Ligand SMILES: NC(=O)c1ccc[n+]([C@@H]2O[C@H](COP(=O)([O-])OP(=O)(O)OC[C@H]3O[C@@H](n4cnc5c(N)ncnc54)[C@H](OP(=O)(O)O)[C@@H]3O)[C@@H](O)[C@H]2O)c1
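Single chain ahead, by itself, as structure tokens, in the form predicted alone.
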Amino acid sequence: MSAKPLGVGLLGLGTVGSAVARAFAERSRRIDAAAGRPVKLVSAAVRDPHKPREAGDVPVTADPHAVLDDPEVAIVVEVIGGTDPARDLVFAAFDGGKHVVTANKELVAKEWNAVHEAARIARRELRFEAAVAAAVPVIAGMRGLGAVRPRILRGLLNGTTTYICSRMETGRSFDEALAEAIAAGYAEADPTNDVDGHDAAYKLAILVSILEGRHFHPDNVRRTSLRGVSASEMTNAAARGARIRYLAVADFGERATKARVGPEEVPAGSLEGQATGPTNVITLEADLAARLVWSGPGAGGDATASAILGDVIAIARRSS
């Protein structure tokens, strides 16, 4: 094992960032063994350095550029979310010769070409397994399918809407189920990205971009909100042996790919129909690979941290 540690800097120390920091504190031996060299969490940039956090003893700073400019940091992990200021910070990381690991589905989906080009010019790695389905290694799986011709990609890519649908099946109204989702921590106080389909559209656009080898912009995904679904529609679906779930679907036609996200009926006994809470289910039908299915926890700090750490370890192994 190499004696020189590979330094990691965090941008953001919220739910996911704190889970990453705790993992470094609690399982450093496992991470080092998997990486084939010591990997050290050097520091984290936060908005409020005085806010109490359960994040081990990682040093914190209010200045993200203190992390980006630190010569000890070789890998920058961005878990801020959104595009501002995350976009500029990711580009600054590449400019500074750092590898980047991100969980930021909006940034990757919207700025696909720009962030990949920045990584190419810097000769550094860009990894974003955590941007889709958290702990489920669907991005790694689809990257290995370059020779196949995809036909249909479908699944549940947003745990908040799955939770809401499963609660509405018990007779809750949409507003009641949404309030429960917020209280349980599955939804933000402003749930727009989840219930109006932006989150699922970002994730679907990333998967389509990987499968097609070119940027598929999330604006090309037709979105239908979950807000219009009533409890009576849930009851009527159940009477037909079906359930309503917030599906993401891409149909790879001969001339163009059509993509959509929105509430649709699925068989009650299907993987999608049985899913509750943060479970993600992704199914790909392709010519050489027939039918492939990925399923598992697609949200939560620990699940997302596992994907981030997998990317960090992969870069560390290649950097040995």
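Just count from 1 along the sequence shown to find any residue number. Values in this document were obtained by computation on a predicted structure and should not be read as measured data.
This next part talks about the form predicted in complex with this ligand, which is not shown.
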task: Check each of G96, G81, P137, P191 and return the one that places a heavy atom within 4.5 angstroms of this ligand in the predicted bound form.
output: G81
query: Though this ligand is not shown, can you say which of A55, A45, A35, L41 has a heavy atom within 4.5 Å of it in the predicted bound form?
result: A45
Touches this ligand in the predicted bound form: G300 (any heavy atom, 4.5 Å): yes
Any non-hydrogen atom of A21 within 4.5 angstroms of this ligand in the predicted bound form: no
query: Taking heavy atoms and a 4.5 Å cut-off, does T15 contact this ligand in the predicted bound form?
result: yes
- prompt: Contact between A201 and this ligand in the predicted bound form at 4.5 Å, heavy atoms?
  reply: no
query: Even though this ligand is not shown here, does it sit in the predicted bound form so that N104, A130 and T304 each have a heavy atom within 4.5 Å?
result: yes
statement: Those residues of 56-75 with a non-hydrogen atom no more than 4.5 Å from this ligand in the predicted bound form are P64
